[in-house]
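Okay, here we've got a single chain as structure tokens, the form predicted on its own, with questions on binding and movement later.
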């Protein structure tokens, strides 16, 4: 099976021995040995959800990499976080998904207003099965645990991904101070309840709900 490891904090090294991985198209920065690259255009094994968000027109181009040797991946010098899945589901923004083992299934999950508030449309990518996934973040990601009775609120622009049995809902941060013009500028947050882990980045993307 493919071996995922970090080369520093901004480069993913994947050791392949005839194995296959799926990665963001154009994310390969170097390789040793013999590698083959094939651009994937949709359909099959749930990949269409990862490649094209039909209702929003948003596209994520994916390539299949197979060979013998080591392949190195990166994306605009962003930080890379390794996530090991053992049968659970990873929900991740498509812009943050760098690479997955071929054993993992990918698709889409409807997020509605939650996704719209984070500036990522109506859908998010879900990754399921057994294997490794590499997720990028703008700055080192913080992994926050959510437990029963201890909900977590996250700025939509800082959200990257989550695992576990979590529900999320869009919440207004507006209160009396906001109405009189003395609020903190965080108009909307995403609230997570249940049990699981949430990946948060220290640099916020542009959203509809705040000043980021």
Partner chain sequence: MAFTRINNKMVSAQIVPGQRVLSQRGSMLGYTGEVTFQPNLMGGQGGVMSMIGRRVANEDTPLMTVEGHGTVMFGHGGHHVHVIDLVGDTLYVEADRLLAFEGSLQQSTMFMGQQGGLMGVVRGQVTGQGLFTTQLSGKGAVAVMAHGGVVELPISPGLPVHVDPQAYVAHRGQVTNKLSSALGWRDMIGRGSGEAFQLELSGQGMVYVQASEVKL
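Numbering follows the first chain given and starts at 1. Quantities reported herein were computed from a predicted structural model and do not represent experimental measurements.
Heads up, the form predicted in complex with the partner chain isn't pictured, but that's what we're talking about next.
In the predicted bound form, residue 20 stays away from the partner chain, with no heavy atom inside 4.5 Å.
Taking the partner from elsewhere, residue 11 is found to have a heavy atom lying within 4.5 Å of the partner chain in the predicted bound form. In the predicted bound form, at least one heavy atom of residue 28 sits within 4.5 Å of a heavy atom of the partner chain.
Contact check for residue 102: no non-hydrogen atom falls within 4.5 Å of the partner chain in the predicted bound form. Contacts of stretch 62-84 with the partner chain in the predicted bound form, defined by any heavy atom lying within 4.5 Å, are made by 63, 72, 74, 75, 76, 77, listed in sequence order.
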